[in-house]
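Consider the single chain below, provided in structure tokens and representing the form predicted on its own.
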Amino acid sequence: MKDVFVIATNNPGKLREISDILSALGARAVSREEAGISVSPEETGSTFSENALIKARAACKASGLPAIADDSGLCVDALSGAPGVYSARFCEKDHALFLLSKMKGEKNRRAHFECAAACVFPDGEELVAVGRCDGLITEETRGTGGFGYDPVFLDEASGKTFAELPEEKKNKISHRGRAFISLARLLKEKRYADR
């Protein structure tokens, strides 16, 4: 029988991505609904790793299954790392346009996306992997794909914003993709070695 992991997210894209990773390890992902739980703990952490662990611990406790969760955001050098862990709550309107208004006239456009992916097991074991993607904040929005800050985050290697990149390409280079690839490696080493 396959090991089952509950994925603490409402995002169907994330659920698919993590399902693919777990499937390659011979495990199966289920949504919170499939696991029969409904938890939304307050994210009180000061880092992405702390918030990811808060969500994974709550889902693990409620379901009795190993749980995976992530937390991510944009860190802008000129804004002293803001919006950081408050990326989703930085403003109530269009995140990209609000950020551009904050960056008006700013010469330092360096920024990075960061994601922490956490897995918590019922026996108390916890794994955390972090992924990062460096880039620049553009002067204006570009592209129609993605969400949030994607239209203003420039991937220097491709010369395109995340909103201009095809989803498959973005997922390969993104902070989230890197974090989950690293988490898969940790899971394989820690839990699936010699099986």
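Note that the structure is predicted; figures quoted are calculated from it, not measured. Numbering starts at 1 and runs along the sequence shown.
The next section is about a form of this same protein that is not shown, the form predicted together with a small molecule.
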Give a yes or no on whether each residue among Glu50, Arg132 and Phe180 has a heavy atom within 4.5 Å of the small molecule in the predicted complex. no
Does any heavy atom of His112 come within 4.5 Å of a heavy atom of the small molecule in the predicted complex? no
With the partner left out here, check for me: in the predicted complex, does some heavy atom of Leu97 sit within 4.5 Å of the small molecule? no
Does any heavy atom of Ala78 come within 4.5 Å of a heavy atom of the small molecule in the predicted complex? no
Quick one: is Gly148 in contact with the small molecule in the predicted complex, heavy atoms, 4.5 Å cut-off? yes
